[in-house]
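Both blocks below hold the same protein chain, though in two forms, and each is given as structure tokens: structure 1 and structure 2.
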Structure 1
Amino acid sequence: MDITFSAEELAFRDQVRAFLSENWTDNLATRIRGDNQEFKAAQIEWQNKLNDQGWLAPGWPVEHGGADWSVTENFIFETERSLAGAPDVVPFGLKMVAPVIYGFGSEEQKKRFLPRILKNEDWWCQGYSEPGAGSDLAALKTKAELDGDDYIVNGAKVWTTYAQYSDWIFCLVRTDSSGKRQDGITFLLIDMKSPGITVNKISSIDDHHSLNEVVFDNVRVPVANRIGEQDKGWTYAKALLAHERTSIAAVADSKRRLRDLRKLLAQEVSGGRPLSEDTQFQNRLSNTEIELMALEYTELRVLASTADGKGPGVESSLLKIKGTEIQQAIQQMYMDLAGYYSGVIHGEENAETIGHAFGHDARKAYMYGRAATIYGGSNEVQKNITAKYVLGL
């Protein structure tokens, strides 16, 4: 594996750095951390900048607006973006449903939906999970029955991220219960303004409203909004999950967080000495850095084999397990550094900061971070996959 960049790749890296320093501003960074509509407006502004540059959906086919990047160029962009502290795009439209639409959708569906996703005109959410159908997704029960040119949908989806902002939801629904569970599932695109849809907020421990329950009560969905064939939705759903697990290791994000943590440790003083001289913190930091370096090389090996035309396969499970464990170890160190101040809850937006400025953010990141080992396929399930396909158990 050759891990040096070519002259063209280094030139591309400089171009990405110049773009980020001009366009990823402090103002955007502050607003994107905000709540509700402020977050959405700032995220759209950021994604529009990427679209103007032609970098919003690099993985899409070129004819639909993709950038035709090599695996290495994609790696360079993701690394530089993370090191600059800029967020990933909201994935549900751009990285999840779009590949299903251009991979399996009709020409009308491609023309109707893809340009609006690229221009950030439609926000999407993902309606897979249900009460009783998470890891065991094929247990889903939300039902769609044909009635003329429409399906009538009844049931409920849960943990639906950003449903409160979304114009559309892509859903797995049950159209047949007679045979194998995976065989009776259909993939529908549903307008969130359809009569009969209710979005209920789910409060989470990080104070940020991202999660919802979406209830369908006799919702009419045109058959024209079905992807591919009826009862074949499982095939399209699986293709989408492969996209969901890409870049989940978040190596560059963890590198940035460790870099910033080092600075804070040098500033914070305990017993007259900076915490960076505390041997316990030094040990924890070094161990996490070693793990992260090992993960980075594993990721580079996976990328090298992807560049050779082999799919990421089971390695994506290993990247997910290790990447999320490292993220949580870093979040724990921020919490320990903030000490008591990580427990301060700011009642109002823009309230005066009490104690360490980073305490509030440390707590939010730690709290939301608990979810990283659950979503995108829980780590226990990834361990099962690894045991079966890597260890042959």
Structure 2
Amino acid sequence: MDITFSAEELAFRDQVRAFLSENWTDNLATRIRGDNQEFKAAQIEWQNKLNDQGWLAPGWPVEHGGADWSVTENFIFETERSLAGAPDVVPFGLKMVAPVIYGFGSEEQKKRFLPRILKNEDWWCQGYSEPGAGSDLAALKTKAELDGDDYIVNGAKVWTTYAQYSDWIFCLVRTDSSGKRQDGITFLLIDMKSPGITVNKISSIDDHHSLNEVVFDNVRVPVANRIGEQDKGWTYAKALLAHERTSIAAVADSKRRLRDLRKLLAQEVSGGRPLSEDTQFQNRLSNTEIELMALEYTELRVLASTADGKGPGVESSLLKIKGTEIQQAIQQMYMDLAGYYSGVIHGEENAETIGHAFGHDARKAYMYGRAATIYGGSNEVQKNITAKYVLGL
């Protein structure tokens, strides 16, 4: 694979750098990473800047507002975005449900939903996991019964990220229990303002509120909000999960965190020498960088396949497995570097003056990062998928 940049691609890189320098400000960074009340407004502001530039949904078809980027241009943008410290877009609308809508939805659904997603007028959340159905998604029990022109939905979804901010939720629901578990599942788009929906807060281990339980009590959903055919939702769900697992790999963001870790290692002294000279830390860092470089090339092959009109395929499982393992390895090194000071919790008396400035964030990232190998389909399940469809076992 040749990733030598042409003159045009270098010019595009300069354009991306100039855009980020002008538009990704300290004010935006503080608001997005700070108080929950500021997050949504600041994230919308950032995504609107991307949309004004025509860069919010580069993977979409051009007729729906996509950027028609090459694989290399996408690689350049993600690399530069991460190096600048700018966040990825919130994926649930732009990277997850939108491909399902433009891939399987009706023309009316495309006209209704896609422009509002692109303009950040509608925020979406994902209704897949349930109290008794996580990685074993086919075990879901949230039920939808047909009543005239509506479905009546009852059940609960859990671990629903940003449900407290969302206008819509895309849900997998059970419409038939007579056959295989994967059959009888339907894909619905549900207005979060519908009567009968309750959002219950879940505080995660990093003391952050992003997760929720969403309860449906006789919620009426128009049949017009169904994607594709009834009982065929598993097909659409698998397409969405492939896109989700590809983005979970977070290769560009892991590269930035390794770069920042190298700087911190050079500053931290142990036994009279910088930790960057510590043989064990050098080995850990080098091994992680090698694995990340290999993963990056795998990601580029997947992007090239997608650009040729193919779906991410089983490779998305490989990206998810290795990407999340690398994220956790990096989080562990940050914790080890911070040492005891990673236990200091900001907000306590004198906490800001104790230990390392990065220790607090290292602890939070480590604690929440334990979930990375579970959400999006656990890595054990992804290994089974790889064994079956790649190795033929």
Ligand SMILES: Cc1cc2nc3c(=O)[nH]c(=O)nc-3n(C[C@H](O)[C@H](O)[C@H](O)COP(=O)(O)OP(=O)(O)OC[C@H]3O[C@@H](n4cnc5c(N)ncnc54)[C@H](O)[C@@H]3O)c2cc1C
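Here, rigid core means the biggest group of C-alpha atoms that superpose within 1.5 Å across both forms. No experiment lies behind these values; they were computed from the predicted model shown. Here, a residue number simply tells you its place in the sequence of structure 1, counted from 1.
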Can you tell which of the two structures I gave is the form predicted alone? 2
Rigid core fitted, then: does Q328 show a CA shift of 2 angstroms or greater between the two structures? yes
Quick check: D136 between the two structures - does its CA shift reach 2 Å or more after fitting the rigid core? no
Inspect the rigid-core superposition and answer whether the C-alpha of H209 shifts by 2 angstroms or more between the two structures. no
Relative to the superposed core, what is the Cα shift for V269 between the two structures, in Å? 5.5
The CA shift of R363 between the two structures, rigid core aligned, in angstrom, is 2.5
